[in-house]
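This document starts with one chain, in the form predicted on its own, laid out as structure tokens.
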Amino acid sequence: MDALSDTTHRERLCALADLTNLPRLGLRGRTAAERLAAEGFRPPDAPNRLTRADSGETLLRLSQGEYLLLGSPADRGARVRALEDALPKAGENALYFLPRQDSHAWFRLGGPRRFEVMAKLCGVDLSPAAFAADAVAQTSVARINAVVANDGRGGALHLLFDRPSAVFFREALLDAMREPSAPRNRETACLVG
């Protein structure tokens, strides 16, 4: 394998995308699930689970009555932005709007090595056997509180965390991606450009 094709092969093993500029919002309260369903979303049946809309949005259920809606890259978050504009801002009908655009950064970690990379940064077992598709964990990654969502259909992990930590978090992920996973096979290393 020549150097160029080897580099291309390794790049496919891991990919990091910064989706921080896409809209996302939180909803909390007794009527949050009802409102999301009325908007055409399918709220997850239990906390720490996710569902996806046909239009590309991802809905995370963080607790009994709290949800986090991630915009779709396909429409650049237009549907989430429209919902945000239509929501009450002060707790009408036991529904509370939680703006997440300014508080949470959002990264997407894809590729077959995503679980190996996370094992280097997180003390919780996020392997496919322990962290099934559509599972959500609220844990510490690189010593930063984070929400990790296993988007099984998309073959990626969504990582949401404190926005002021974005530069540090990105560097920690990139460092873990560059580090070879095991000495037995140099092709398991991710190349980051």
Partner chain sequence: MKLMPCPLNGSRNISEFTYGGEVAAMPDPTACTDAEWADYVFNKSNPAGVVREWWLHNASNYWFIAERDTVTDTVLRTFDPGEIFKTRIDFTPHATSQENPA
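Because the structure is predicted, anything quoted here is derived from the model rather than measured. Positions refer to the first chain, counted from 1.
Keep in mind the form predicted together with the partner chain is missing from the figure; the text below concerns it.
The closest non-hydrogen atom of V124 lies within 4.5 Å of the partner chain in the predicted complex. The partner chain is not drawn, but in the predicted complex it has a heavy atom within 4.5 Å of P47. Contact check for L62: a non-hydrogen atom falls within 4.5 Å of the partner chain in the predicted complex. The partner chain is not shown here, and in the predicted complex it never comes within 4.5 Å of any heavy atom of A135.
Remark: of stretches 135 to 143, 35 to 43, 51 to 59, 150 to 158, the one touching the partner chain in the predicted complex is 135 to 143 (heavy atom within 4.5 Å).
Contact residues in stretch 105 to 121 (any heavy atom within 4.5 Å of the partner chain, taken in the predicted complex) are absent; none meets the cut-off.
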